[in-house]
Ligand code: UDP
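To begin, one chain is listed below as structure tokens, in the form predicted alone.
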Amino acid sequence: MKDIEKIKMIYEGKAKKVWSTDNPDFVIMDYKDDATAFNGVKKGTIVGKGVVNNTMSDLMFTMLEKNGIKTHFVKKLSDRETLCRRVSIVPLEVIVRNITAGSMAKRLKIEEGIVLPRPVQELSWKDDEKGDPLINDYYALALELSTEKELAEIHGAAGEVNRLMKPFFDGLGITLVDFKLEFGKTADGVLLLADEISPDTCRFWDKETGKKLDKDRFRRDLGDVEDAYAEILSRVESGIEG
């Protein structure tokens, strides 16, 4: 593939910028150090977060691709930039939960840390102005956010991602508590795993100490945020290389 040039920024979100390129089939994702929580209510900066999230996402997408998961990842361009297939994001976020934590524990008024006998998949309507409300498949279809075929593919892919990532992180001494996924469609309708897989979008607990190694350190003012992000990346890099 010849070198692809960045043209103009077409989207800026809370954690990334997306740039068009001279090839309409590809975009460049540029990861920022900006940090937000509680739908943008809390804002701050995690120094080096963009580098960690970009590198970790690229490693995880590569691992998933090797195991049959179709993703938007093409190649890493720099510490903060990655070339991706251009997709139209399906306005649904899929949250896969293995252990009670975060909004699930708060919503159901149960304690965090309960190991679920089977994974739970939640859907939320990806809309910042609405606060990303929790919905189910019936809402997704009635609101025409997705088709039945797409929903089946999304749920199937999310389950497979969980089956691949849980043992991977377990081998690194990390409990994969929960994580969020997004999917997008190419111009010819192929559904791909998109967005990122990082401490921003996953909950990681150290298996021995229970230490949180993810964005909860920022959300809950636990401190050592940069160190936690760096530790996760270091473990993932050693696991991939090993």
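Quick note: we count residues from 1 along the sequence shown, nothing fancier. All figures in this text were calculated on a predicted structure; none of them were measured in a lab.
The same protein also has a form predicted in complex with the ligand, omitted here; what follows describes it.
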| item | value |
| --- | --- |
| Proximity to the ligand in the predicted complex (heavy atom, within 4.5 Å), stretch among 152-160, 79-87, 136-144, 95-103 | 95-103 |
| Touches the ligand in the predicted complex: residue 219 (any heavy atom, 4.5 Å) | yes |
| 4.5 Å heavy atom contact, residue 179 to the ligand in the predicted complex | yes |
| Non-hydrogen atom contact residue 201 with the ligand in the predicted complex at 4.5 angstroms | yes |
| Within 55-78, the residues that have a heavy atom no more than 4.5 Å from the ligand in the predicted complex | none |
